[in-house]
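Read the single chain below, which is given as structure tokens and is the form predicted alone.
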Amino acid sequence: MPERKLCPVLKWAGGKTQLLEHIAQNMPRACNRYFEPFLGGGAVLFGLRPPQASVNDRNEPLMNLYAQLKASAESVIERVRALDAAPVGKEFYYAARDRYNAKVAARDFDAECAALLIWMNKRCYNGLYRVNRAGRFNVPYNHNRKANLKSMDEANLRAISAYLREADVTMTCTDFEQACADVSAGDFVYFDSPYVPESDTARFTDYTAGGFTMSDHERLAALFRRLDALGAKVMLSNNDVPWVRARYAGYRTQSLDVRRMMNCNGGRRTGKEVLILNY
């Protein structure tokens, strides 16, 4: 029987499901450990399923979700079922959102917090994850969603749990430079940071309360070059814009057409991304 395909649990801005084939085709033929400092929705990790991986994201509720699935998929599934069984509407959604924000503020990261994140992701506007400066999730309710919408694929959650438990997967929640502190020659690092905006009006980096600044992008470009000098194999994806091309000049590049699934303007749902490789 073929191995079950793993899919992302959440809809996530910049998710790599549509580019997974290109990323897989451009993977190095041989490498040691796999590093992904910006895990996000996990499409690449779950698509590739490396036997040894070190993954990271600064978003604490997101990393809690993966930690809870690793510990017990059934605990998360049970709580999502309970949310799905409740009569859904605007009032219930905002009460659930308040409950989630209170748990995050108290750093009460548990199976309920993970379940609330899964459930809200299916019912919030455009499946968007966005927080304000205080770190509170503030995406409004999507009135167009069906009331009886199922929030999860239980078999997928169980399969992700099995992979995270059976493979050698280390999960952290820290700065991307710290997440790469143990990278050695022969390791493979995939960077999928929040993207450099196409214009000053196209900025969206509110996955965490601090956002991701242009100074952070400069640090990332410097880290890419340090890891290259170290002998690691590095791949980076970003918007295909002149700023990015200039920072990674001299490396191999591939331009790819993509769909922007988070854009509410249908006319702007296409774009160009670039893969940058040092091998």
Ligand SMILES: C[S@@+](CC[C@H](N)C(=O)[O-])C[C@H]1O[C@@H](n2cnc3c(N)ncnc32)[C@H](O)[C@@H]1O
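So that there is no doubt, residue numbering starts at 1 and follows the sequence shown. In this text the structure is predicted, and so the values were computed from the model without any measurement.
The same protein also has a form predicted in complex with the named molecule, omitted here; what follows describes it.
- At the 4.5 Å threshold, heavy atoms of residue 192 reach the named molecule in the model of the complex.
- Although the partner is absent here, residue 126 is not a contact residue: none of its heavy atoms lies within 4.5 angstroms of the named molecule in the model of the complex.
- Residue 13 belongs to the set of residues with a heavy atom inside 4.5 Å of the named molecule in the model of the complex.
- By the criterion of a heavy atom within 4.5 Å, residue 175 is counted among the residues contacting the named molecule in the model of the complex.
- Partner contact region in the model of the complex: 40 to 48, out of 249 to 257, 220 to 228, 25 to 33, 40 to 48, criterion any non-hydrogen atom within 4.5 Å of the named molecule.
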